[in-house]
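One chain follows as structure tokens, the form predicted on its own.
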């Protein structure tokens, strides 16, 4: 089992290095001069050149890449934001709790609501309940997040004036972002849980339990549900990782001061240290979430545990 964990940690480090390389390369070749954005329009040519020399922007690609990787992974120096004039990590750490909490709430609500709906649809397969659930789930999956956010703002903020449209001043400010982020999660979890439940219901051990006269409630909650939930763990983990990295739309529509809005503002001002660090931090949290999910999956899935137990016994015999 430890071999599996170490292997996943090694892949996490490779993912972070690869992400740093890709985002640095992309931003290096993006057209435009950061000096034109960071300095006022009245800045002279000499001032622009001094700015570029100070930040090392006149160095070659390989020199800048090596310096960036060295500072990031050896010195753990993520630079200073050109726009906010503060250390990037300081700004990110002040915003990350909001983004993390928003993602956590949407994922928990998506699982708490979506999983029971999927089970209910599976237990009423091919009936009107099943068809209704799947149609609603299809609509939820297909609906663009930014469109839903705008429709909610128009309805609840402009027309009804029940909720604020932006900021985080109170609990009411969180309602619309949470609803927008939860809809797709509910739909995906319901669809996946329905498929997983139907697959588990057809298993031999479920038929055996029913043939032995086990009460239907025990068949569902003790035999079927634990096994049907195994595939859902990966789905929820992927949703959580995507939610942390994909809050740009929610935070930009609702002016929610999280990492996503910080990244968007940094892109608009071509704040290279902020862009690189934001992407790397989001990749780190996503990779850590997926690592935790993989470890949980390996602990509860008997097939993975048996695989590593068998490999360990074979190595000892050799």
Partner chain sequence: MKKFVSLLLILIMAATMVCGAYAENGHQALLNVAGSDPEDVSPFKTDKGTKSMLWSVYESLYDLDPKTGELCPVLVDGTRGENGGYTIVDDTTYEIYLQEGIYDHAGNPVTASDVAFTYMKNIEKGFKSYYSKLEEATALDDTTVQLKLSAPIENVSELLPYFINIWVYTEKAFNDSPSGLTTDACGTGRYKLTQFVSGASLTMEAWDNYWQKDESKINERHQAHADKIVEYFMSEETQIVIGLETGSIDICTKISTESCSDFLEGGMYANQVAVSTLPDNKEVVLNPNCSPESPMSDANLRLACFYAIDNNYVVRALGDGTAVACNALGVKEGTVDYNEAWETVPSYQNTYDLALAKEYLVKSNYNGETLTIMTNTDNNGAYKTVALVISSFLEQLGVKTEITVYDRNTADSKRRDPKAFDLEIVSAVSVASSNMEMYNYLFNTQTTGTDKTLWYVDDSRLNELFTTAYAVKTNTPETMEALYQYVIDNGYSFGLLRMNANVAFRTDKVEDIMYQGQHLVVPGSSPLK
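Predicted, not measured: the structure shown is a model, and the values here were computed from it. Positions refer to the first chain, counted from 1. Between two forms, the rigid core is defined as the largest C-alpha subset superposing within 1.5 Å.
Not on display, but discussed next: the form predicted together with its partner chain.
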{"query": "Partner-facing stretch of 213 to 221, 100 to 108, 85 to 93, 113 to 121, counted where any non-hydrogen atom is within 4.5 angstroms of its partner chain in the model of the complex", "finding": "85 to 93"}
{"query": "Its partner chain contact in the model of the complex: residue 174, any heavy atom under 4.5 Å", "finding": "no"}
{"query": "Proximity of residue 269 to its partner chain in the model of the complex, heavy atoms at 4.5 Å", "finding": "yes"}
{"query": "Partner proximity in the model of the complex: residue 62 to its partner chain, non-hydrogen atom cutoff 4.5 Å", "finding": "no"}
{"query": "Contact flag, residue 255 vs its partner chain in the model of the complex, heavy atom cut 4.5 Å", "finding": "yes"}
{"query": "Interface residues of 171 to 185 toward its partner chain, as seen in the model of the complex [heavy atoms, 4.5 Å]", "finding": "none"}
{"query": "Core-aligned C-alpha movement of residue 253 between the shown form and the other one, 2 Å or more", "finding": "no"}
